[in-house]
Every structure is written in structure tokens, then in C-alpha cells.
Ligand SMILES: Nc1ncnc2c1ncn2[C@@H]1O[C@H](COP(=O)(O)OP(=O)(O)OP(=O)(O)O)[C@@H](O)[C@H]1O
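Quick heads-up: it's one chain on its own, the form predicted alone, in C-alpha cells.
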């Protein structure tokens, strides 16, 4: 799947006193298999943009194209295109409602018209993808699970509809460290599917750097930059202007270089592993 956004505009409260331009002339493309993170300060338009990708919100002007076809046309073909895009909202576990885990995950496929047998097959596969064993947890109530497990079951409910583009809105929000790591491991596993494109909204820059092929930076509804993690976070002036802090590893390396002249030649590092390698090389050079 190739998804293209062309000159997208969206305004809330049009014609009212609280009219707000949420998106202003946004254009970009997501290729098949790409992992793209949306970042920006609160209220910059990230979630609004995400909800346009599957037709949940309609633009004031502009187009959302899947393989060159507009998903907002009022045709059966456009509806089928929208079904190829799965959106996981923040705190999706609040939408769990069935009496068992399997029934909950099967709801989406059955709503698409799948048979009981096919819905069961899809649901068992989706639960396995998120590391929830359907033989152990399938007949349990979803409300008996931990926070991280509930989150993964809710995501499985979207995966069971077999989307080609998966949108994750703050997938680790509100979770403890263990739950965060469980979700991160799950996303890393999903990322290995070359046919699945993933969009993630996150305020966790360490996760963004680890996962993303590209980063899309929004500010006040405008697209400031789309590029690799190195291209986006390497633009210090842009980061400062948008109010986004760099990943923790990058901040640590910069402060280390500022505090100790021995480390002044360290190259920029975005991940913990890259920072450790840079420091190790500097120390090795000192003692050789």
C-alpha cells in the first residue's frame, strides 16, 4: 500500500468564535512497509492528521490517496480502501467489552463480514502477533488482564482486520515500564512485516528514534519537516523552534561533551547503543 496526502486542510469550529486551523496544506507520502512517526507539541495536529488517514475525519480540502485512489469518495471501492487502514486510539483498552478475549478480538473481523471460522483464525493469529497465547488467554475475561495485556488485546482487535497500514496513537501512554517494554517489543515484531506500513504518534523520542524510518514533525498544523531521525533531530534550530527535546541519548552525549573537553569530539548519537559506542571509542583512543 502507498498512502499519499495532498494539500490537506482541516479546521475545527469553522465560522465560530473558536475556529481553529488544525491542518494547513500538509502533503507527504508513506511507502509500503515504512515506519513513520508523527511528533510535535501537544495540539500541533498529530491526532487530527492520523484520523484523516483512514477517513474518520474528512478534510476541508485536499486528498487522502491509497494507491492513487481517494478514500473519501462515496463509493464501495473507497470504503474498501478505508478498511485496509487500522487505527488504534490512545487507551484502546477502554473499548474492550466482550466477555472473553477471543470474542473481543473477533468482533472486528465479523463486522467486516468474515465467517465465524475465518474470524477465529484471524483472531488467534492476531493474538499470537501481540504475544498473547490464545490457548491460555482466549477464554479469559479481558478485564482480568494487566494494563499492558489489555492494550495488546485491543491492538490485536485491529490487527485481526488485517490492515495494510496500522496507525498507533501513543501506544505506550499511561503504562508502567514493564507494560511500555511489552508494547515496544510488540511494535518491533510488527515492524518486521515488509508489507505492513506503520504510523506512530508518540512523545517518547527514544521510541521514535529506535523504530522510525522517517519522522514527520508538525507545529501548529503545519508540516515542518519529514526525514530520517538523523535529518530531523540533527536540525537543532528546528528542534528548538518546535519545542521538541532530543532523544535522551543525544542530550547525554551533548552534555558530556560540554562538561568534559576530553569528549568534545564525540559524534552525535541518537540511541543509547550509539552513545555507548562513541564513548567507548573515545576511551579506547585515550588508553591506546
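Everything numeric here is computed off the predicted structure, so don't read it as measured data. Numbering follows the first chain given and starts at 1.
The same protein also has a form predicted in complex with the ligand, omitted here; what follows describes it.
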What stretch, of 66 to 74, 43 to 51, 27 to 35, 243 to 251, brings heavy atoms to within 4.5 Å of the ligand in the predicted bound form? 43 to 51
Is residue 128 close enough to touch the ligand in the predicted bound form, meaning at least one heavy atom pair within 4.5 Å? no
Using a 4.5 Å heavy atom cut-off, state whether residue 203 contacts the ligand in the predicted bound form. yes
Quick one: is residue 20 in contact with the ligand in the predicted bound form, heavy atoms, 4.5 Å cut-off? yes
Does residue 139 make contact with the ligand in the predicted bound form, using a 4.5 Å heavy atom cut-off? no
Only one of 170, 164, 98, 213 comes within 4.5 Å of the ligand in the predicted bound form by heavy atoms, so just point that one out. 170
Sort through 115, 111, 193, 90 and report the residue having a heavy atom within 4.5 Å of the ligand in the predicted bound form. 90
